[in-house]
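The chain below stands alone, shown as C-alpha cells; this is the form predicted alone.
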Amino acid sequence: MVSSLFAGFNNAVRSMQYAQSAINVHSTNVAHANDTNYTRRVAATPSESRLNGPGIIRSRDAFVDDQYRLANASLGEAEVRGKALTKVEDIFGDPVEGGLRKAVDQFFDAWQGLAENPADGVARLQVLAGGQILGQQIKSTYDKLTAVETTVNEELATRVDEVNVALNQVFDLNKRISGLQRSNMDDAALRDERDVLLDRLAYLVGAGSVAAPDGTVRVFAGSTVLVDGPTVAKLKVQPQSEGGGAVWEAYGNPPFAGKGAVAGLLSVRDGELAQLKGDIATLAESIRTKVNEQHTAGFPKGGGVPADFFLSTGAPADIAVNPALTPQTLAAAGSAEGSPADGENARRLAQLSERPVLASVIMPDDQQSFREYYRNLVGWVGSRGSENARNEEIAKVHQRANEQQRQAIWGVSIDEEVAGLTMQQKAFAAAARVITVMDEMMDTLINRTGV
C-alpha cells in the first residue's frame, strides 16, 4: 500500500515536471514566433529517446532541409550570374547615341561615302573620324568587360572569405553542440544557428551535410569534405596567371567543383566574360588586318606609298587610326594615277563590312562579315542572359516551395502554442491536485486509523 502511494507521488511529481517543461517550451516558441530562423521546439515525453538536449525535440525534417539547400545552391549560382550578365547586356545594348554596332556601321558607311565622292575633303575627314570612333568604341567595350570582370573578382574574394568564416563557425558550433549533448544540456539554439550557416553555405558553394550521432555534422561540397572532425577545409581562389579557378586547401587541395554563388562567379568570369573579351579582341584584330590589307592595296591622292590605316598598341582590342594619315594620304583610289574621281579602293573598303572574314560566334564553321559577327555576338549575349533568367526563376520557385514546407514543419503557430500552453497549465494543476489528494490520504492513514 505504502509503495503504491509513493509510486503515485512520484508519477504526479514527474507529471508536474513535464508540464512545467512543456510550459517553458511553449512560452519560448511564442517569444520566437516572428523569427524565421527559429525551429519550433516540442517537450519530449520521458519515453521518447529522440532528444536534442534535456527533453527538447526540434521539429525539423532533414529531407526538406536538403531539398531547400539544393534549390538554394541553384539560386545562388543563377543570381550572381544574372547580376554580371545584366551588366554585360547593358554594354552591348547599343544606345541610340552610340555603341560599337553604330561605330562599325558609320566607319564603313564613311568609306562608301568617300567612294561616291572621292574628291570631297569632308568625306575623307569623315573616314578618319569614323576610324577614330571605331577604335575608341572597341577599346571602350573591352574596358567595360574588364571592369565587369574586376567587379566579379572582387565579389568572388568576398564570397570566398564568407565561405571560410562560415566553415570555421560550423566547426566551432560542432564542438559546442557535442559538448552540450554529452552533458545532456539544451543545444537547440546552437543547432538553429548552425542550420542558418548550412543554408548560407549551400547558397555559396552548394554544400550539404550529414548529421552524426554525437550531434556534429559532416559538411561536404561535391565529393570534397569541408568539415569533418578536427579538419576544416579552406577555399582559395587561384590567380588567373595560374589558370584561375579555386581549390580547397585540405585533403590534397582538390579543385573546387561545387555549385552556388562561387561557382556562378567562376563560370561567368572564366566563361562568358573571357569569351566576350576574346571575341572583341578578335574583331579588333580582324578589322585592323583586313582594313590595312585593302588600304595598302590602294593609292593615295596624288600618288605615294599607302600606309596602314590602323595601328595596334599591342594591348588586346586596342587599335587606333595611324596618326601619319591625312585626308590627302587616304588610299581611296584603285589605280596608280590616283585620279580625284577614282574611289575604287574606298568602295572595296566599304564592301569589307559585308565580306565573310570571321568565324561565327554561334556557329564557328560559318564565316561572317564584321556586321554579322557583331550582331551574332549581341544575340549570343542576349540568349545567355535569357537562359540564366529562366534558371533563376525556376530556382526561386523551388526555393519558395521548399521554404513553405519548412515553415509548415517548424514554423511557430501562435494559436497552437497558446492551446498547448493552456493544456499544460491545466495538466500541471491536475498533477498538483493529485498530490494534494494523496497527501490527504496519507494523513488519514497515518493519523486517523489504528489505535
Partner chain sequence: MRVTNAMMTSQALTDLETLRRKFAKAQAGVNGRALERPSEDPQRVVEAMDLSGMKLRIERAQRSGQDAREWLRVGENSLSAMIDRLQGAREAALQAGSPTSQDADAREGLARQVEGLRDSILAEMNGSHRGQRLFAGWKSDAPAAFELAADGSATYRGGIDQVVRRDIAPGLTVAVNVPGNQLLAGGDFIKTLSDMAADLRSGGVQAVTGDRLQELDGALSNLTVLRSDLGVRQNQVEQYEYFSQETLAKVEERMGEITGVDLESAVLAMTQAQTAYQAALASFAKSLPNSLLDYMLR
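Numbering follows the first chain given and starts at 1. Fair warning: this is a prediction, and the values are worked out from it, not measured in the lab.
In what follows, reference is made to the form predicted in complex with the partner chain, a form of this protein that is not presented.
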Report summary line: Interface check vs the partner chain in the model of the complex: of 128, 257, 378, 250, the one with a heavy atom inside 4.5 Å is 378
Report task. Would you kindly say which of 64, 421, 395, 57 lies with a heavy atom within 4.5 Å of the partner chain in the model of the complex? Result -> 421
**Report entry** One stretch from 347-355, 139-147, 215-223, 200-208 that, in the model of the complex, holds residues within 4.5 Å of the partner chain by heavy atom
**Finding:** 347-355
Query raised in the report: Quick one: in the model of the complex, does every one of 337, 342 and 385 get a heavy atom within 4.5 Å of the partner chain?
Result: yes
Requested in this report: Using the partner position in the model of the complex, report whether residue 371 sits within 4.5 Å of the partner chain, counting heavy atoms only.
Outcome: yes
Query raised in the report: Does any heavy atom of residue 106 come within 4.5 Å of a heavy atom of the partner chain in the model of the complex?
Result: yes
Query raised in the report: Is the gap between residue 89 and the partner chain in the model of the complex 4.5 Å or less for some heavy atom pair?
Result: yes
Query raised in the report: Quick one: is residue 119 in contact with the partner chain in the model of the complex, heavy atoms, 4.5 Å cut-off?
Result: yes
